[in-house]
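Next comes just one chain, in structure tokens: the form predicted alone.
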């Protein structure tokens, strides 16, 4: 069983609105960068293309039909994952592992600025019989989950505000981050209450952006002699999306993925064996909830670690030095690939001012957002 590696990464956009490029041009720019990084010709060397799209989030029907041209994939093997980019990577990983494919390309894009009524579009994800009729919206649903998490874990509001402040400040060092700002926990605590106990400063804001990832078998890696980053483990899971049957206190989907990925990667203690973490923080409390559900920290300990400075860029467990979803912006199904792109930069030593010294292994975890209970996890390493 050959190893699978990431050999190319291309990132374009990540601004609140991109008007000088169409979404096709945005993906094309990301693809050109990824192919240049991987040193491959997409028309001759790529065996399979995967597009990660959600029509509602793009404001266009059958969005994946518009993916092949800009990827160099016209009349080639292309299929769509209606999910997060790391889920798409998992599909590519499995294809390469069959031995029938050597090079796979995974693409995801966000063009939220084209949607005028984003809240109403998102509400289509709610159960039409039991939830949507009560005008439940995704922020109020997240607020319910935050309250349940606070009571379950004993985490303080201050710790969650510190998460948001940390990530906004980290984003100032990231050239693609849309929402970097100098902030203190007190600034976050003073933002408007959107749905108690959820404050505006704890909620990520949308961005337009695209990421293209090139993955390859070990045989191709040896031929290219480039700068590969290996995928030691990857998986995804979904818990119940229904309000009456889901787990509110902790992220069960994160635990399910972690159990599988740690076994694949031979990880016994993620906090000790992983050097840098990119963990979904679509809402600030989710960073702490995910860290605990992934087994990086025990119940109620992630918030304490935040207050102790352990989750900072100079701490023992650096989390979201990129700025996370809060700082970079919420690109929906691109969020996972953006986490991956950051880890590739970190492990290659190309992260500039946000570089974590001696980073050899990284964890990327994504979540599809309210009202889903779907997450995906990947562990990457230099070797």
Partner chain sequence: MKVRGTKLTSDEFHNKVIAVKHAPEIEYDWATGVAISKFLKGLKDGKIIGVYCDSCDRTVTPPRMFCEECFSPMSKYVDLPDTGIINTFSIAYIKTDASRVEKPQLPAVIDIDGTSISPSGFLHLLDEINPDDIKIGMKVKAVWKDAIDRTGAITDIKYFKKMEDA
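Only a predicted model underlies this, so the values are computations on that prediction, with no experimental measurement involved. Positions refer to the first chain, counted from 1.
Although not depicted, the form predicted in complex with the partner chain is the subject of the following passage.
J.: In the model of the complex, do 226, 264 and 301 all put a heavy atom within 4.5 Å of the partner chain?
T.: Negative, none of the three is within 4.5 Å.
J.: Which of 158, 114, 187, 273 has a heavy atom within 4.5 Å of the partner chain in the model of the complex?
T.: In short, 114.
J.: Exactly one of 245, 268, 98, 120 has a non-hydrogen atom within 4.5 Å of the partner chain in the model of the complex; which residue is it?
T.: Among 245, 268, 98, 120, a heavy atom within 4.5 Å of the partner chain in the model of the complex occurs only for 120.
J.: From the candidate stretches 333-341, 316-324, 348-356, 25-33, select the single one in contact with the partner chain in the model of the complex, where contact means a heavy atom within 4.5 Å.
T.: Only one stretch passes the 4.5 Å heavy-atom test: 25-33.
J.: If you check in the model of the complex, is residue 51 within 4.5 Å of the partner chain, heavy atoms only?
T.: No, residue 51 is distant from the partner.
J.: Looking in the model of the complex, any heavy atom of residue 69 within 4.5 Å of the partner chain?
T.: Yes - in the model of the complex, heavy atoms of residue 69 and the partner chain come within 4.5 Å of each other.
J.: With a cut-off of 4.5 Å between heavy atoms, is residue 222 one of the residues that contacts the partner chain in the model of the complex?
T.: Taking the distances in the model of the complex, the answer for residue 222 is no, it never comes within 4.5 Å of the partner chain.
J.: Indicate whether residue 205 is a 4.5 Å heavy atom neighbour of the partner chain in the model of the complex.
T.: No, residue 205 stays farther than 4.5 Å from the partner chain in the model of the complex.
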